[in-house]
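Presented as structure tokens, the chain that follows is alone, the form predicted on its own.
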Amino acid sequence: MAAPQPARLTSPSREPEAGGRDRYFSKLVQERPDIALCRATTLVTRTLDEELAGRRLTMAQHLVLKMLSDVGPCSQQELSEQLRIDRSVMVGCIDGLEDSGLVRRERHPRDRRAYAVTLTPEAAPVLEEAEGGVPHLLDRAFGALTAAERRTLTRLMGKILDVG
């Protein structure tokens, strides 16, 4: 019996359809990069959700902890803007991290009217564990791409997002 193959991203659109329509999606995504990007985003999001199911952190929470670790205390607004996470989603994200004892809200050192989100000592091992899983997560989400193709994709996404 052959060894099971690792799970790969699959799209329901790859299934052949009756009447010769089985190549429509392939043609469409070659003509329309907007549609290709949307469908690829859906597949990557599904993979990330599957990988993170049952783990301690959501992807947004992981990103918040990483940013706080890298740059220090930030307001929720700064986190929301820098991570491109909707402000209403950010509130729930921070609430969950605070309930878990991984962050706390303190008066912002530069603006006493605002609050800064700060890491607690308990956050370090949780973030380390989450970061340790990133290579596997990337391999699963982008396994169809070579290392060079991943670098190219990263560069192109940065260009589209006006950050690279």
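In this text the structure is predicted, and so the values were computed from the model without any measurement. Don't overthink the numbering: it's just position in the shown sequence, from 1.
The same protein also has a form predicted together with the DNA, omitted here; what follows describes it.
Undergrad: Counting heavy atoms only and using a 4.5 Å cut-off, do 69, 128 and 136 all touch the DNA in the predicted complex?
TA: Contact check failed for every one of 69, 128 and 136.
Undergrad: How about residue 26: is it within 4.5 Å of the DNA in the predicted complex, going by heavy atoms?
TA: The answer is no: residue 26 has no heavy atom within 4.5 Å of the DNA.
Undergrad: Decide whether residue 30 counts as a contact residue for the DNA in the predicted complex under a heavy atom distance cut-off of 4.5 Å.
TA: The answer is no: residue 30 has no heavy atom within 4.5 Å of the DNA.
Undergrad: Does the 4.5 Å heavy atom contact test between residue 55 and the DNA in the predicted complex come out positive?
TA: No.
Undergrad: Even though the DNA is not shown here, does residue 82 get within 4.5 Å of it in the predicted complex, heavy atoms only?
TA: Output for residue 82 is no: heavy atoms all beyond 4.5 Å of the DNA.
Undergrad: I need to confirm a contact call. Of 119, 40, 114, 48, which residue comes within 4.5 Å of the DNA in the predicted complex, counting heavy atoms only?
TA: It is 114.
Undergrad: Which of the residues spanning 68 to 106 lie within 4.5 Å of the DNA in the predicted complex, based on heavy atoms?
TA: Residues within 4.5 Å: 75, 76, 77, 86, 87, 88, 89, 91, 105.
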